[in-house]
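Coming up is one lone chain in structure tokens, specifically the form predicted alone.
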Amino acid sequence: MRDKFRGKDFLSLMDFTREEINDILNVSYELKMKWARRELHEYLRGKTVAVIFEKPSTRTRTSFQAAIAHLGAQSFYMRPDEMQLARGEPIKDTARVIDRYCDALVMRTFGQDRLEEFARYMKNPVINALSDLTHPCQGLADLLTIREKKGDFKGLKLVYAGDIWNVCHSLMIAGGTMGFDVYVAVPEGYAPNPKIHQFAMEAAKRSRTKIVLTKDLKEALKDADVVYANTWHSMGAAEKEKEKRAKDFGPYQINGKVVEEAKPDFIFMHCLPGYRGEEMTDEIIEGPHSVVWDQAENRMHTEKAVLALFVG
């Protein structure tokens, strides 16, 4: 099973089947248990991993570098402003040089096309640590958390409220592929990427589940198993529209009143950073339904699985 991943790129969950994603989740849980028992799992001893972050990060960078260290590999953090890319060197030149030095590249960037170009010119794996289009590592952590808390994906309903951006895209892909309903509560004028939407709808049709876009948050939350909030202003263009988005997304806040529509045993998720008083209230993120900190920890375990399987 594990040989089928070795040497491949990890750019989007769209590139993998339900069975393959379940395989990654199984390895994630296996490695999580080893970590909990403080058992050594240095499967990448002697390997080197380049890490490029063109966007700010707390969880993704820390979890990846911790995962790399636990696996016995050496990470090299390459500051974008110190690289020759900042002076106009073509991606293809940088990619081919990194490929000669390192066994993999972990990259957090803007356009998905930048990741794809690195992958085109590197023989070693390129791992998407976030792009404007998708956030597959967050998607894996979300799936592991849901599976741990709910036992199975079948029959579940996840409701997402927040910016229609990379995390939302990855959840739509995950729902359609893994077989659970995803309801996206979104104000007028905001829509997912057409390519992502089409993929998710086709995957949902095959798995006999639903991908639903609705302006009605209350209706979306009815009998929800998972309630997922996210910022209204993701990194990038959305940050320049904070005032407008605060007005547009204001009615979509997750608070104690609206979650009365969800199932009594719903779980609350958030990819963080979270803005209390905006997309959710303090009582929600700090409340008994919140699994946000387990979800954040699972970033490390799922990224560790990707590294072990794709680089090992």
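Every value quoted in this text rests on a predicted model; they were computed, and no experiment measured them. Numbers for residues come from their place in the sequence shown, where the first is 1.
If you look for the form predicted in complex with phosphoric acid mono(formamide)ester (CP), you will not find it shown, but the lines that follow are about it.
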Of K47, R245, H70, R59, the one that lies within 4.5 Å of phosphoric acid mono(formamide)ester (CP) in the model of the complex (heavy atoms): R59
Residue (of A262, L272, I52, I285) lying close to phosphoric acid mono(formamide)ester (CP) in the model of the complex, criterion heavy atoms within 4.5 Å: L272
Stretch in contact in the model of the complex with phosphoric acid mono(formamide)ester (CP), which is absent here, among 77-85, 110-118, 135-143, 195-203 (heavy atoms within 4.5 Å): 135-143
4.5 angstroms heavy atom contact with phosphoric acid mono(formamide)ester (CP) in the model of the complex for R299: yes
